[in-house]
Structures are given as C-alpha cells and as structure tokens.
Ligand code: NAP
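Quick setup: one chain, the form predicted alone, written in structure tokens, and binding and motion questions come after.
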Amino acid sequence: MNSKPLSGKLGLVFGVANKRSIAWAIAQAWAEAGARLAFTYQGERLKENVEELVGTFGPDTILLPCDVTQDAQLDAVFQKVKDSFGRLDLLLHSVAFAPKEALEGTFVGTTREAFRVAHDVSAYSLVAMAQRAAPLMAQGGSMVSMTYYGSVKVVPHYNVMGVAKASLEASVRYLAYDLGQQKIRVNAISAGPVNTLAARGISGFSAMLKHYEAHAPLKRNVETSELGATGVFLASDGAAAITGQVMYVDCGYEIMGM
C-alpha cells in the first residue's frame, strides 16, 4: 500500500483556527500523505496561531487572510494559489459560523440576520470556493467539507447551524453532480463532537460528549487523527468512485435509534 497516497498533490485548506481544529488534523494528515498545502486564516485574531502551526510545514508555506463572505478576498486567495501552484488537486472546507445568541436560545427565535450569516458562512462559502477551485482542477480533484449530525436530526441548541449544515450537505450533492464530468469529487465528513474552538460555543457541549460516549456503539468519542485519516482517504484514489456523499465518522452514533 502506498504510504504517500497524496504524493505530488496540491491542496488549499480553509478553517484552521488552532491546533485542536479538525481542519488542522486533516491538513497534517494530508501533508504526511505527501500533499503540499496552502492555508487561509480568518481575521487578525487567529493569524498568529495559524502562522505558528503552518510554519511547521516550512517557511515558504502560503498563508493568506480570507473572510469567506468577501468575494474579493476569495478571488485573491485563489489567484495566489494559481500563481504559486499552477493548479489545485485538493480543497478542504472546514468553515462554519452562527452568532452566539443563535446557539443558545430556541430555533424558532432565530433572527433573519442570524439565519443569513449562518448560511452565508457555513454553506454558501463552499459554493463560492468550488466556483474558484474548479477551473484550477483541470486534472480532476477532491473537495472535502465538514458537517455534523445536527443537519438531519434535532440536536438541542445547535439550532440554525443544523439548518445551515443541511444546506451544506445538499450543496455537496449538487456540486458533486455539476463537477463530476470534470472528475472533481465533492464529499463531506460528518464528525462526532470534537472539543474545538467552534464547538465550545454550543451550549451544553460537554454533556454532548458524555452522551456520545455512552450511546455510540464504540462507546467513545472520535479522535481528530481518525478524521484526518478519513480526509486522506476521500482525497486519495482509493475514493475515486465516491462523490456527493456524507461520511459519518462518529463511532457509530448515527445508526442508533435510542
């Protein structure tokens, strides 16, 4: 078996916030599998953190600011990748956001603005990235997004984020259909709860971790390294016939009825 299944592949990673980020786990796994990567960061507040992490891949690693709600910033990122790499093989979309108050109260209380922001950042951003990445994937490629079970079942307090993730998963399917003829595959990983910066914004998150541990068939929570391994699989030729899918990596929790 090839120990470097992504050797020679060029990838772009959105969504690293710190060392606990799922995006970072997948990026590390992609790099270990032989890929060369470029990164973005969201806002000055996270720059130093991300700079330190990606510096471990070498001083020449591309790191660019990107607010995914701004078309001009997305254009600049993909132009830089085109100028530096000449093409793109892999894209990781690990970006989601909803205003804090929308993740605390009831879903019925969601404001129009919270709904708009959650969908723009968490779902439309994948479409915006795909528009710009597809022309760089002339030899085919793999796009991987991150989702969560709250898209298909009610998870208390996940609220508008669950609805935005449902939109993201539908977008994955429609993008997979549109881009399939170009040999571009689009899939999502539905991860069990992981103690990330984003997750800690969800009310009752620690109780959720305990609940998964008690009810998942494997009686534990998923490790970020396992999400990294799945990310490598979806990016590799081993997944050449897989597109438009949501892959559950949650220790089996999704299969349980009660």
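The structure displayed is predicted, hence computed values, not measured ones. Note that residue numbering begins at 1 and tracks the sequence as displayed.
Here the subject shifts to the form predicted together with this ligand, a form of this protein not shown in this document.
K.L.:
Where, among 93-101, 136-144, 77-85, 179-187, do residues come within 4.5 Å of this ligand in the predicted bound form by heavy atom distance?
P.N.:
Among the candidates, contact is made by 93-101.
K.L.:
Would Ile22 count as touching this ligand in the predicted bound form under a 4.5 Å heavy atom rule?
P.N.:
Contact with this ligand, yes.
K.L.:
With a 4.5 Å heavy atom cut-off, would you call Glu223 a contact of this ligand in the predicted bound form?
P.N.:
Close contact is absent here: in the predicted bound form, Glu223 is far from this ligand, nothing within 4.5 Å, heavy atoms only.
K.L.:
Indicate whether this ligand has at least one heavy atom within 4.5 Å of a heavy atom of Gly192 in the predicted bound form.
P.N.:
So Gly192 counts as contacting this ligand.
K.L.:
Is Asn49 a contact residue for this ligand in the predicted bound form, using a 4.5 Å heavy atom cut-off?
P.N.:
Answer no; every heavy atom of Asn49 is more than 4.5 Å from this ligand in the predicted bound form.
K.L.:
Just to confirm, with a 4.5 Å cut-off on non-hydrogen atoms, which of Val54, Cys66, Ala31, Val232 contacts this ligand in the predicted bound form?
P.N.:
The residue from Val54, Cys66, Ala31, Val232 that makes the contact is Cys66.
K.L.:
Which residue, Val127, Ala166, Val155, Val121, is the contact with this ligand in the predicted bound form, using a 4.5 Å heavy atom cutoff?
P.N.:
Spelling it out, the residue with a heavy atom inside the cut-off is Val121.
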